[in-house]
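One chain is shown next in structure tokens, namely the form predicted alone.
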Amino acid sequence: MIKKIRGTLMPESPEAGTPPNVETPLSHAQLVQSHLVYSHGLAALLALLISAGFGLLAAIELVAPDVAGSSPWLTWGRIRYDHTQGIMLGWLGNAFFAFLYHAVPVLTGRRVTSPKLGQWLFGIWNFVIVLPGWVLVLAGYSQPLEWAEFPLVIDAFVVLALLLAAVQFLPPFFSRGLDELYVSSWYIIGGLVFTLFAYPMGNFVPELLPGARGAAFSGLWIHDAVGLFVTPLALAIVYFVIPAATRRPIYSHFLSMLGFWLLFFLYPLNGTHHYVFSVIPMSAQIGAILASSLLGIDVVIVVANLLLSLRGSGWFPRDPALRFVGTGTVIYLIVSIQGSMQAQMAVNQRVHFSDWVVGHSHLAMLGFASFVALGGLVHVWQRIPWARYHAGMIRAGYWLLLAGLVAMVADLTIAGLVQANLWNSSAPWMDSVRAARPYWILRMFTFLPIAGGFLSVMFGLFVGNVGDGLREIEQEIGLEPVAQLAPRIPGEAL
């Protein structure tokens, strides 16, 4: 008998013709640590539901400030901190790790460094960082820093976990040599390495520098958290899932790498645009505005390359993972152009501090990052032979999430414009609060389709028949190995 390995037909045993003393390559299914994919996926979805619950309570408290009584544990500020940190670390962090445990062996043909190390990383990330961080914030221990709200003791363990993640996922890439790296590999390496350096800058340095200097470093991290952690790992998913699901190479490897280097060159320069019209030197503000404009051009290049790679797949591909990823890609273009526009002084002057910015943030973290993360999670889940899978519930979850996202972002954007007009008319500030109240009420109700979508996707990954994910792949694109998905990527459908 013969079996297919990495796109070739190979003998199954030495007796059938394998040369003696030559190690037979392992298939990707044998290299992937499926139990760690499953564990991080489960933790990600649970953290997502809890974080969404914090977000709902924060939205309710805007309309009914006394709904939680006099308990300091449930005040708006603490709930909001747990919402944002839960989304970034609890939901997206776990979802990215789940994806990496599948993608790294496929991209390198080698296992991650150590399953034991993976257990330690899972335990530290969830039971030393996320859960204690939530509790400490609710108890009143936090940092008043955007995207850095967990207290310093938690930050120390985040840095440790990021170091362990680098040890776990990076060596397989370097063992192949840099000339063998596909663009997803570059984004994974860049995301892990740059976050390891940027996280201490944004979480420790502002505590040491007073006033505007500390705020400047905090402003850099506000964007680096999205640009050096979330965006690179999300784009690694996009560049991986599209060729794997369409069985066609990325349109242009050159444009892929151009987008990669522009992203990592420009994003660290953007953070100061959060402090336009501040006491930070105007030269730094102008530099950040220029970098923001150039980043918009970079995103146009990246998204054009990805949409050309999706040609022929339809507006809403049948494969649910590809559908989530494709939608996230379009939203990435919209939110990035919006961000470049917001950085301009004339626009920033009007919408800064308004709900327009809150809508922009949700378009980025829910529309782009979460849609892509869900696509990556569904993609790797389909390829766990013993996992349950229900395609219908996942597709229903997609439509619920899309409807909820559009309603929420449109509502917050209009609310922001209303607030901005009132502020610029010199009306009393309370007039803007009263004018925003109907929009805040509608925002609460957008939670229903969003929560329904999250639950539907979650049930789709935990109910249904065992192996239905693999069967769907076999019916749609087949399980036979792919000779080459894209330049320098080892090809196999799994």
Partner chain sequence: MKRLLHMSYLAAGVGGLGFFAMSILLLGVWPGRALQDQIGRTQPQHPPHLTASEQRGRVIYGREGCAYCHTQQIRYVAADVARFGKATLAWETIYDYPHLWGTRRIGPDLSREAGTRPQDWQLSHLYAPRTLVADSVMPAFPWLFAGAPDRPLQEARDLVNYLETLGRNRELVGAEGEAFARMACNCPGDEEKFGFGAGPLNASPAMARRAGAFPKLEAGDAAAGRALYATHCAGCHGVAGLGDGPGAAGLQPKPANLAEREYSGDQIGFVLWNGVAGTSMPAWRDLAAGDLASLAEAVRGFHAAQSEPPIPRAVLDLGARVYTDRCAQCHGRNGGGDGPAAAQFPIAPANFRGRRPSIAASLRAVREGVAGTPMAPWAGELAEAELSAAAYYVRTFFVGDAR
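Residue numbers count along the first chain shown, from 1. Not measured: the values here are computed from a predicted model.
Keep in mind the form predicted in complex with its partner chain is missing from the figure; the text below concerns it.
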Answer key: of A364, A216, L170, I384, within 4.5 Å of its partner chain in the predicted complex (heavy atoms) is A216
The one residue among H360, R395, H390, R78 placing a heavy atom within 4.5 Å of its partner chain in the predicted complex is R78
Within 4.5 Å of its partner chain in the predicted complex, heavy atom basis, the matching stretch of 41-49, 448-456, 433-441, 461-469 is 433-441
State yes only if every one of A212, L228 and Y275 has a non-hydrogen atom within 4.5 Å of its partner chain in the predicted complex; otherwise state no.
-> yes
F194, heavy atom within 4.5 angstroms of its partner chain in the predicted complex = yes
W315 near its partner chain in the predicted complex, any heavy atom under 4.5 Å?
-> no
Any of the heavy atoms of Q349 lying within 4.5 Å of its partner chain in the predicted complex?
-> yes
Any chance L57 has a heavy atom within 4.5 Å of its partner chain in the predicted complex?
-> no
What residues of 394-428, in sequence order, lie within 4.5 Å of its partner chain in the predicted complex by heavy atom?
-> Q419, L422, W423, N424, S425, S426, A427, P428
